[in-house]
Structure formats: structure tokens, C-alpha cells
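Coming up is one lone chain in C-alpha cells, specifically the form predicted on its own.
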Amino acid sequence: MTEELSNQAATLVMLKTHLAQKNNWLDFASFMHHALFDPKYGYYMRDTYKFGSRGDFITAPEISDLFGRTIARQCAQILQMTGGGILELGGGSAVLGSDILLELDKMDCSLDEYLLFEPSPALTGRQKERIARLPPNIRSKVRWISELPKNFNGIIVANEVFDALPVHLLSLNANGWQERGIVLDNESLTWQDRPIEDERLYHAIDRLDVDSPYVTEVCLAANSLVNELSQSLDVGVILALDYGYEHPNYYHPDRRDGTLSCHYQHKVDSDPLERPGHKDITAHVDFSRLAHAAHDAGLEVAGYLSQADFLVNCGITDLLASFDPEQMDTYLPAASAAQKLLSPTLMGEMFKVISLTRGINEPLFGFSHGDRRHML
């Protein structure tokens, strides 16, 4: 038996244990949590490559340092208002953090510290390897934390964090709305719908005007995370970048299969029951939910727009203009990367950026044009 097959078998044993504890029915949010974050068998906890060409998918920071350098410009404006530091949730392979730190150093921007909140020991190890390659005066500002700080001032960056939060699956069929969960049938994982018991799930879909069959997701964990971040933030900005929609588009009548997707070796599929623990499971972000959760937590929604508008507002075209077009070996890769980040048919429109603030009285220039808060 190969190592991967052995690991898959061990992962299935882990899931069987959780199913046995729940009378052989596990809501999908719990299944997704175990598949991604089980301390031993979860996808993000295993010591394998996740990001880049050697992994399963490519994130914006992996495409080009233009992404992190542009975000650094917005961070610089915020730091001038708040002082303090930057807290990055997750952190991936620390490419984004490295690019932000290097650009802030070029800008001679004051930064107290750069905190990385990373639950995965495996990813923490890869991040430390990356940060160790930075100049001593820069890497000395980086610190890993195991819990969110109190009375934090500055910027909290969440790049592709909310899409990895566990979601509940809801199904509309001849029996009305039901919650979709996982059961074990003849040693195989399969789906089973049951009546909804959590009133919060009923509240999320009670006004949806859609026809059966229809499957969608509700991310209750997003509310909890926004509330935790609000409790951590004293003065500053939560900057969340992710793919998703506003509520009317998220729950559009034509989106009857939901947004759940899986990523394995740069291939996308819609079956999270195959290879659990060995591939990424994600769902698009309901940005309206984030906005309402922020309001309930005492934060202000200071801006919401497409990734393309945000990056242009922050000066990505100025950064691209600094490349000499006659130096084709550097200019062409930079121009190609910028196109991927900005194109409406690629990442520019699918990805959105939302800013949740406390104690910020000046407009953020990253949200100066193209604001879509009215759509939330």
C-alpha cells in the first residue's frame, strides 16, 4: 500500500470514529472541519505542499509579488493612522507576508511587529523557512502567535481565510429545506439529508425564493470569526480578500448546486467525500454575512469592491510601470501576472475585498473608486 493510500485509510478511520460518536450522521460543517483541520489527518495540518506549482492550487501572492507590494501600500496608510503592527491570519507559505514586509521596508514605513496566527504546525515550519531568508532587520519583526492578541492596533489581513471556514450544507427538495450531512454506508461515505435543527440555519434561508432541487451553503463560522477579530481589534482595519458574492448573487436561483469545490493537484472537483484530508475543500464567501456580522460586532464596513478595483486604487499599475518594457525577461512576467490579478475573467472580479474598521476616521484609498457597499 502506498503512503497516500495508507494515509487515506487512516483518515477514513478518523472520520468513522466521529460518525460513530454522532450516531452515524455528521453535519457537513463538522465533516469539513475534521477533513481540513484534524490535528493529525486534516488537509492543512499535514506536511505536504498546498500552494504553488508543487501544491494543489495557486493563490494571488504566489502569482506575483505585485500583489503583496500593492497591499503593503494600503497597510502603510493604515499604519500611519494607527501605529502598531500587522496580524496575518493563516499565512500560507509566508509569501504574502514576506512581500508586504519587504515593500514596507522600502517605503520606510514604521511597523512595530508582524504577527502570524497559524494553526498548522506544518505550515508554520514552512513560513519560518521563508521568513528566515529575509534581512535581519525585517525578520526580527515577525512573531508567531497561538491565540489572537488583545487590544491590537493596526491591520488584520485575511487573504483566502474565510473560504476555508466550515460550512453547513442545506438542500431544498420535495420535503422542503433539510440539512445535508455525511453517513457511513457499506464502508463508504455518502450523503444523507435530515430535518434542520439549528434555528440559525432556518433564519439564513427562510426568505430565499428558489425552486427545488437546490443546494447551498451557510457559513456560521464566519460570524464567530468576525466576532473574535472584533474583540481583538482596538483601533485599525480588518482587510479580508477572498472569492465570493453578495447575498443576492450568492443565493441566486440559478446557483442551484451551491459553490462548494475541492482542489487536488491543480484540478477542481465537487466531491468532498473523495480523498478527504488530502485535498482542499472551499466554499465562496457570502460577503453580506461578513458585513452583517461586523455590524453586530461593533465594526464599520468601510469599503467593499472587486480585487481589480482595490489593486488599481492602491497603485498596482504604478508598480507595473516601474518595470522597463524593453527588459522583456522581467516586464513580460510582471505584465502577465498583473493581468491575472486584474482581469474580470480571471481573479479581478471573482475576488472581492472588504474592510471592517474601528476608530478609523479617514477614507482608505484602496476603496476610493468602485465601492459596492450598496450591494451588501
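For every residue, the number given is its place in the sequence shown, counted from 1. Keep in mind the model is a prediction, meaning the values are calculated, not measured.
Separately, the form predicted in complex with a small molecule exists; it is not shown, and the next lines address it.
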Task: in the predicted complex, the one of Phe152, Tyr214, Tyr251, Phe117 near the small molecule [non-hydrogen atom within 4.5 angstroms] - done: Phe117
Task: Answer option from Gly258, Gly90, Gly181, Gly84, heavy atom within 4.5 Å of the small molecule in the predicted complex - done: Gly90
TODO: Determine whether any heavy atom of Glu160 comes within 4.5 Å of a heavy atom of the small molecule in the predicted complex, and answer yes or no.
DONE: yes
Task: Partner proximity in the predicted complex: Gly68 to the small molecule, non-hydrogen atom cutoff 4.5 Å - done: no
Open item on the list: With a cut-off of 4.5 Å between heavy atoms, is Thr59 one of the residues that contacts the small molecule in the predicted complex?
Closed with: yes
Open item on the list: Since only the chain is shown here, I'm wondering whether Leu134 would be in contact with the small molecule in the predicted complex (any heavy atom pair within 4.5 Å).
Closed with: no
- [ ] Sort through 230-238, 163-171, 193-201, 136-144 and report the only stretch with a non-hydrogen atom within 4.5 Å of the small molecule in the predicted complex.
- [x] 163-171
- [ ] Could you tell me if all three of Phe37, Tyr44 and Phe51 have a heavy atom no more than 4.5 Å from the small molecule in the predicted complex?
- [x] yes
